[in-house]
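Listed next as structure tokens is one chain, alone, in the form predicted alone.
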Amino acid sequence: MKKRNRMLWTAALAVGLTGLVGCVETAGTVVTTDHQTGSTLVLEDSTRLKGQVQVQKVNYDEVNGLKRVHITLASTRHRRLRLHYRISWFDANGMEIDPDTKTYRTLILEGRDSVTVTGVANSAAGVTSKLRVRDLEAAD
């Protein structure tokens, strides 16, 4: 009887831990900038990143007829953060421009430091940029 209760408890623990592993948060911070109106929207969908990374500044300009965005991210922690980021571009209709070429890049942000990430549209049709930042451990 004791052995059976122990086996049931072990099985329940294994099922519970499996369920918790499946609940890893992969959401992140999203910064959307409309280069026509100048509006910027910051969405912090990750409770984990919300207290660790802040968007300090968003600037945009144009180079050779293509839109360019500069977004400064700052760490609020004393430890090093390993992040993934990706900048996507959208046309006036909201369609993503060439989504296959935009992969996530690794970003290491030292404690209490800031870094500026820059993205250039790969088409003159790009009018809106979207930066996605996610935790490297959660992404894997």
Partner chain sequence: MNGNVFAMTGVAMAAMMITGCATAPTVREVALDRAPITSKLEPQDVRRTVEKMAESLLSAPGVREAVGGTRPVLDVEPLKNRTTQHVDMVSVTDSLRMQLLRSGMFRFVDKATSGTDIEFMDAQANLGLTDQKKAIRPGQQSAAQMYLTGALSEIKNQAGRTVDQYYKFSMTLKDLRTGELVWADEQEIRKESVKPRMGF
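Predicted model only: the values in this text are computed from it and were never measured. Numbering follows the first chain given and starts at 1.
Absent from the display: the form predicted together with the partner chain. The rest refers to it.
> Is residue 35 one of the residues lying within 4.5 Å of the partner chain in the model of the complex, judged by heavy atom distances?
Residue 35: no contact with the partner chain in the model of the complex.
> According to a 4.5 angstroms non-hydrogen atom cut-off, is residue 118 in contact with the partner chain in the model of the complex?
So residue 118 counts as contacting the partner chain.
> Taking 4.5 angstroms as the cut-off for heavy atoms, does residue 98 touch the partner chain in the model of the complex?
Output for residue 98 is yes: heavy atoms within 4.5 Å of the partner chain.
> Contact with the partner chain in the model of the complex for residue 112, defined as at least one heavy atom pair within 4.5 Å: yes or no?
No, no contact at 4.5 Å.
> Please pick out the stretch from 104 to 112, 27 to 35, 47 to 55, 72 to 80 that is in contact with the partner chain in the model of the complex, where contact means heavy atoms within 4.5 Å.
The contacting stretch here is 104 to 112.
> When the partner chain is placed as it is in the model of the complex, are 63, 66 and 122 each within 4.5 Å of it, taking any non-hydrogen atom of the residue?
Yes, each of 63, 66 and 122 comes within 4.5 Å of the partner chain in the model of the complex.
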